[in-house]
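This document opens with one chain alone, in structure tokens, the form predicted on its own.
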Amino acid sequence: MTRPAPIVTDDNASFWEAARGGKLVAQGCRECGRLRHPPRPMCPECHSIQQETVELAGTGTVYSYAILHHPRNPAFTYPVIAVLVDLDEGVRIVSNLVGVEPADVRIGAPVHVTFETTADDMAVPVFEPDGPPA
């Protein structure tokens, strides 16, 4: 079964379009330069509505994680490793960690982005560990 497609809105359309093309992006404020994720219409720092899309390197570290066992959805392989990743550019993103056993996940572990396809020919960013487990 294929992973469900993300819900695309006016605010997050550029994020999902970039993901479909294999790129990780964030919104950047044109006034103060702050990067933000998830996408939203106004900068939380200076309240500007002037924004731009900024491509990110897709590298960072695991800030926190949870290993999810329930409720089960047939579109996912369990257990699901849900992670908060601190990206090198200073943005934190919620995603999944793939390519690692749950027992090997470590806070502070370096990770990089990859993309998994979804229904409707979309893609979602997920993260893989850099190097062998510690």
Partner chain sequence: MSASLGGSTAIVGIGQTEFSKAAGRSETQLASEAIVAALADAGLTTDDVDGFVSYTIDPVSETELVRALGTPEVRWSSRVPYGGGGSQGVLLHAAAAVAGGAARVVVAYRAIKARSGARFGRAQVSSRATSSHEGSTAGQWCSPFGVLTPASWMALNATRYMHTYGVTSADFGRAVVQLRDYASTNPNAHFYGSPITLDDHQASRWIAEPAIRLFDCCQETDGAVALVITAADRAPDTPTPVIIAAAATAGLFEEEIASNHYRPNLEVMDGSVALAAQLFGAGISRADVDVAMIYDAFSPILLMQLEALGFCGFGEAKDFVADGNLAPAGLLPCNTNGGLIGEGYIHGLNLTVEAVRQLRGTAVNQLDAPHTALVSASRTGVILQRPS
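Remember, predicted model here, so these are calculated numbers, not experimental data. Numbering follows the first chain given and starts at 1.
The same protein has a further form, the form predicted together with its partner chain, not shown here; the description that follows concerns it.
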Review point. Do all of Leu56, Val100 and His112 end up near its partner chain in the predicted complex, with near meaning a heavy atom within 4.5 Å?
Key: no
Point to revise | Partner contact for Asn96 in the predicted complex: its partner chain, 4.5 angstroms, heavy atom | key: yes
Check your understanding: Applying a 4.5 Å heavy atom distance criterion, does Pro129 contact its partner chain in the predicted complex?
Key -> no
Review point. At the 4.5 Å heavy atom threshold, is Asn73 in contact with its partner chain in the predicted complex?
Key: yes
**Study point:** Contact label in the predicted complex: Gln50 to its partner chain, heavy atom within 4.5 Å
**Key:** no
Review point. Though the partner is not shown here, which residues of 6-21 have a heavy atom within 4.5 Å of its partner chain in the predicted complex?
Key: Pro6, Ile7, Thr9, Asn12, Phe15, Trp16
